[in-house]
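Quick setup: one chain, the form predicted on its own, written in structure tokens, and binding and motion questions come after.
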Amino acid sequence: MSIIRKLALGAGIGALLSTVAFADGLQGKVIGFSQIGSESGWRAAETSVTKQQAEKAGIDLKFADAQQKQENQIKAIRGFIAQGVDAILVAPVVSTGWDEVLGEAKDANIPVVLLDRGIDAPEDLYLTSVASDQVKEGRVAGEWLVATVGDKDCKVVQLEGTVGSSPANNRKKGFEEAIAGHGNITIVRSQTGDFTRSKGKEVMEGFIKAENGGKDICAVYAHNDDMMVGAIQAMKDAGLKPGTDILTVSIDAVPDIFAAMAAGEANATVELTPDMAGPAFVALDGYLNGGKVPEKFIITESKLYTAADDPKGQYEARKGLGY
């Protein structure tokens, strides 16, 4: 495995689009992008920023929305191969089942770059992977909770992401690592909210009913902010004060979680930058135009934000990015 390179990417439009100037060699290149779907505000922002990056670099981006189905992604990738694109970007909906189709791309000499999610497949099937350290994201969230509750007994309910996805698996792992050894903090219920607001709200309603009307819940940990936004609504509907009666910590740093934070209804979020395409295009530029093989894993920053970090300002900086 190559040495991991960390990229500190800002959240404002200027910072998000800054890397594109270094990918000018992709002018006129045709690149396919198989996106998972639009299950969350962060996902929509990733799509928006990718399209902006492609336009600025003069790339002909072929976009395919998989609507959360792997079979649609595999079909799209095969379509890109048939079209003879110069490269393929894919944000994989699940981590397994990619060997065959990526092998076909390799046979066609089309480099594949993974965006924001990993896969269980031989590393020679893709050029590089641009993603956050998802285990670290969960660990940062857990460390915040440990520091916040101290020695207080704290029953946690967990809203997990899509079953089988790498973010769900890794964010769960990191959080559990962070609270290990702190016997006062226990996860009492854990269920998938499928990364959506509606499902997050629905699952949280069940948690509240099962835990004495929510009175026995100390904190909610959600694998993304959209599920947390749904959970916040469920808490309010139950007459609870999110952020006060029940602590919240989630991942993504989307505008709406900062709005909730500014209103005192959310406590913490861990940033996942939507600019995965910028580093991907830079890597592809070097590879397609100079034969430079990039590092296998390009890692973005995982930054914690709380109410002390100007949530109103963060909301304003992010609201135009397509979330």
Partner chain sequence: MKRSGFSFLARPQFAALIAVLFINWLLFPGFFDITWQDGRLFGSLIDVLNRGAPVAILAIGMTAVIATKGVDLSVGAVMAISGAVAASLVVGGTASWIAVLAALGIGLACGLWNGMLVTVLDMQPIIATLVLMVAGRGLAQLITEGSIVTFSDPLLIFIGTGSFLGFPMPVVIAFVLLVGSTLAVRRTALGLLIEAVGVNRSAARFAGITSGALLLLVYAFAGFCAAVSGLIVAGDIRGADANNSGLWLELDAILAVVIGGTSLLGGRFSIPMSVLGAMIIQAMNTGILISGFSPEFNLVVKSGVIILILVLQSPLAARLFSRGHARPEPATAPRTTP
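Small disclaimer: the values here were computed from a predicted structure and weren't measured. Residue numbers count along the first chain shown, from 1.
As for the form predicted in complex with its partner chain, it is not shown, yet the points below apply to it.
Engineer: Among 98-106, 119-127, 232-240, 82-90, which stretch sits within 4.5 Å of its partner chain in the predicted complex, heavy atoms only?
Structural biologist: Selected range: 232-240.
Engineer: Hey, in the predicted complex, does Leu145 get a heavy atom within 4.5 angstroms of its partner chain?
Structural biologist: Judged by the heavy-atom cut-off of 4.5 Å, Leu145 is well away from its partner chain in the predicted complex.
Engineer: Would you please decide whether Glu160 lies within 4.5 angstroms of its partner chain in the predicted complex, comparing each non-hydrogen atom pair?
Structural biologist: Yes.
Engineer: If you check in the predicted complex, is Phe175 within 4.5 Å of its partner chain, heavy atoms only?
Structural biologist: No, no contact at 4.5 Å.
Engineer: Closest heavy atom of Lys209 to its partner chain in the predicted complex, within 4.5 Å or not?
Structural biologist: So Lys209 counts as contacting its partner chain.
Engineer: Would its partner chain be touched by all three of Ser190, Lys201 and Gly322 in the predicted complex, meaning a heavy atom each within 4.5 Å?
Structural biologist: Per the other structure, all of Ser190, Lys201 and Gly322 touch its partner chain.
Engineer: Would you kindly say which of Thr50, Thr273, Ser40, Ser34 lies with a heavy atom within 4.5 Å of its partner chain in the predicted complex?
Structural biologist: Selected option: Ser40.
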